[in-house]
Structure formats: C-alpha cells, structure tokens
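Take a look at this one chain, the form predicted on its own, written out in structure tokens.
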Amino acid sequence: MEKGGHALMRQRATPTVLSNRSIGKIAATTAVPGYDRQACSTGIVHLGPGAFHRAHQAVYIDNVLAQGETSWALCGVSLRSSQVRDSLMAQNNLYTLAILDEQVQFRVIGAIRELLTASQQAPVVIERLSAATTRVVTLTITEKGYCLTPAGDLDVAHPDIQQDLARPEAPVSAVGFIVEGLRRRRQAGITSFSVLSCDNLADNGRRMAHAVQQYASLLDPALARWIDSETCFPNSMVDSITPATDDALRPRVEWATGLADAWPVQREAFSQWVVEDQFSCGRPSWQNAGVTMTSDVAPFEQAKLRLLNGAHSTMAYLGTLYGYATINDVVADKEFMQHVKLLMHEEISPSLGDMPFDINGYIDSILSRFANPAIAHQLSQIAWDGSQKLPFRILDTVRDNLLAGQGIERLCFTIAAWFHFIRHRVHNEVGIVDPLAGVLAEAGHGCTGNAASDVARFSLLETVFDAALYSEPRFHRSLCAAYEKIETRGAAGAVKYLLSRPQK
C-alpha cells in the first residue's frame, strides 16, 4: 500500500461498497468481469463456497463466462454458516481477488450468481440441485465433509448421516443433499448431474461416489443402481496457496480498487486445476480457461498431496514448535529448509514412481512458491484438521516407502511433530481445530514425555492410524525415536540432528 493510504481511508466517512451499481467506479488497474452478468444462468451448484473455492474454481468459471459460455454461472451453497451469503449479499455476490506475487494484481470475480445457506434454505438448495439446468455439482467441503470412516466407507454412525437417513427429504450433509437432488431428478426423468470433488483427497471423486452409493443403497437400492449407471464422479486436483482473509486484506483492497469489499480473498499467482474428463451431461470448456483436462488425475494429485501438502504440514507442525508463525518465517531459516528439501527429494519423491512431468523441476517450483514474500501463510491455518490430512499427506507415503524399503525417518519427524504440537496446544490451553479435537486433547493431556507411552496414546487413534501400520516394527521404532529427539533436543535440535547424519 502506498504511503499515507491508511490515513486517507480513515478520512472516508462512508466508503462505496463493491456492487453491480458501483463497479463502474472501480480503479482502472482492477480487472472486472468482461461479460454481462445479467445474461448468465446457473449451470453449477457448488457446496462449500469458502475462500479457496472463490480464489480458485470460481476464477476458472469467471474465465468460462468471459468466453461467452454464459450458462455456467455458480450457485454457491454453504451447508451451515450464512457468513459468506450475508457478507456478499449487498455486493451482488461480487468480490475481489488479490493475486499476491512480485507484482500484486486485483480482479473482481462475478461468477457467483447466487449464494444460499443450506441450514436455512434447504428446500431452495434441493430445488437448485434438481433443476435440469444444473449439470455439474462441485465441492470444497474438506475431508471431514465426506463423512467417511478411516477405511473409506460411509460413516453411518455420523450424526449428520443418521439424521439424513431418518429424514432424507430434509438433509444436512453434502452426501444427503446430493442424493436427494439425484432422487428428484430420477423421479422427474431429468439427466443426472456430475459430481466433481475439488478437495485435497487422493481419488476424491471415487471417495465421494462410494459415500453416495452406500448412502443411496440404504435408502433405495433402485436409486443406487440408477446413480451407479448415470452419474459421473470425476477426480480432480486443485492447487494454489490461499491464505485466509485477514484484517490487513480489506483495507488493502479498498485502497487499491477504490471500493470496500466485505470479504475479498487472496492467493498466489500460481493456480492449477486438473480434472478427469468424465461427465454425465456436459461441462464448460474448461480446457480453454486454464484447466488441464486428462484421463488420469492420479499422478498430479499424488505429487501435489505428498510433495506440496506433505511439506506444508511438516513446516506447520515443526515450524510452530520452533516458535514460527508463517511460512515466510520457516523459509528464512536455511537449516529448516534444508530439512524440508531433503524430505521432499529423499523420502517423498521416491514414493511417487514414474511421473508424466519432471519431479525435480516440480519440487523446485514448490520451493519457489513457498518463498513468495507477498504471501503471509499462517502455520496455524495449515495445521488445522491434522487428523484428516496426515493420512493422505504423510502416512500413505510412509506405507509405500516401507514396502519399497525406502527411508521414513524424516516423515516420522513430521508425525512426531504433530504429536508434540497437540501436546503444546493442550498444555497452553489453546484450542485444537480438528474434527477429533476432543479425542486429541485427551491424548495430549495424558502425555508425560515418555516416547513409548506418548506415541502409543496417539498412534492408537483408529481414525488416523491403522493397526497394521502402527505395529510395523520399523515404523514404530522410527516414530518413537523421532518423538524422543524432539522431546529431548527441541524441534531445532532435532532438525540439527537429522542434518548431521546420513539419510538411511
């Protein structure tokens, strides 16, 4: 922000709010939708219109609409909170995207035609899902929104699933809404929509398909068979570092654009969306809007989950133990980053096998993105929901490396750092953001600093660790050793220890 910007903003008694009416007054340096929003119709219902969706998928849809495909606008549905809907209502669902890199750019996104809150507007949501004009349903509901057991099956004991099975016409879960929308389409003779997961889950489309199938089978086997034959659940991989909107972003956006925005979003310049090209009743021309359409998403998603997200989790848990607050803090520590590089090259990369792209170049690009000075990505945000993330980001890599006889020592330090992170949060009476917060807090409360007993308390969490992995001798030894090193030497001392010895 230019010098004096904040002072000038304080002089504005009533800043003009971003909206259809005011957008003509926006600063010339800010990009605006290059299409008639009034001429657009809804073709996609998106469940979970949080910051990542609005900074990522909605931007690609904005590109599609700008190319003249005006039947693909978005209806965003928050399952419970009305915060997004209420914040953007006065703005006609317009919002500002700040692209943070060496050169900061601002862009107004107009792809969202409507925002709904399912907990308050369930009949309207079901109406949108069952409308013939809705051809794709996309999701960013995080791992916990799939209501799956550790084995990948539908968790029929989950309170939301139990409620939906009792009253399927008034669902509360994403699975319940999808199945009710499909049921009504089948009843009305309308072609099935496609369900496109955009969450950071390996094989995300297949996981959602399995949950939907199991849920539908419990309600109506004939409906389940129809879904199986008519509905496509393509996999996808999404990637763009997207820090949460903070108090610094709003005044920055207002100063740059000249208009106030209740809920702008921010991300790095890099953005990637890889989509399996398998759809039930058409799709936007995403290939012309920057999306990679492919027959196999698996190599892309596995590399991203393990290399980028795995490294992110490592930086979050170890970095917090160091006393750091942001990714920038970690990147400035050359010794820490040497550990991260070795983890990526020596333990994660070998687990990936042959890739359709240059792995070393991909790692270099990730490290370069981490070093982006314009992004202040909070470690606390990355650390959320560790019980849901680590199985895919770290534990799957451990399993593959054990089978292949590859190294797991550095990977075990990431897991051990998560255990210590939980311990420290509990000891300092800081809340844990995780679906298993209560269980994790109980485990943390009982820790004494003894590696064997503390690791046993955490590793017996069946929702995170399966018995076969925990009982594997090499893994158990390495995990206990990593925990003990962090306990006795501290996080920094443990990293120095790792760097001082050759990798096994």
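Residues carry their position along the shown sequence, with the first being 1. Remember, it's a predicted structure, so these values are computed and weren't measured experimentally.
Beyond what is shown, the protein has a form predicted in complex with D-mannonic acid (CS2); the following relates to that form.
By the criterion of a heavy atom within 4.5 Å, residue 182 is excluded from the residues contacting D-mannonic acid (CS2) in the predicted complex. D-mannonic acid (CS2) is not shown here, but in the predicted complex it comes within 4.5 Å of a heavy atom of residue 241. Residue contact with D-mannonic acid (CS2) in the predicted complex: residue 200 places a heavy atom within 4.5 Å of it. With a 4.5 Å cutoff on heavy atoms, residue 135 does not count as touching D-mannonic acid (CS2) in the predicted complex; it lies far away.
Note on the partner interface in the predicted complex: the residue among 423, 410, 304, 252 having a heavy atom within 4.5 angstroms of D-mannonic acid (CS2) is 304. This chain lacks the partner; the member of 87, 287, 381, 278 within 4.5 angstroms of D-mannonic acid (CS2) in the predicted complex by a non-hydrogen atom is 381. The candidate site formed by 46, 53 and 128 is entirely out of contact with D-mannonic acid (CS2) in the predicted complex, as no residue has a non-hydrogen atom within 4.5 angstroms of it. Partner proximity in the predicted complex, defined as non-hydrogen atoms within 4.5 angstroms of D-mannonic acid (CS2), places exactly one of 161-169, 389-397, 335-343, 294-302 at the interface: 389-397. Heavy atoms closer than or equal to 4.5 Å to D-mannonic acid (CS2) in the predicted complex belong, across 308-341, to the residues 308, 309, 312, ordered by sequence position.
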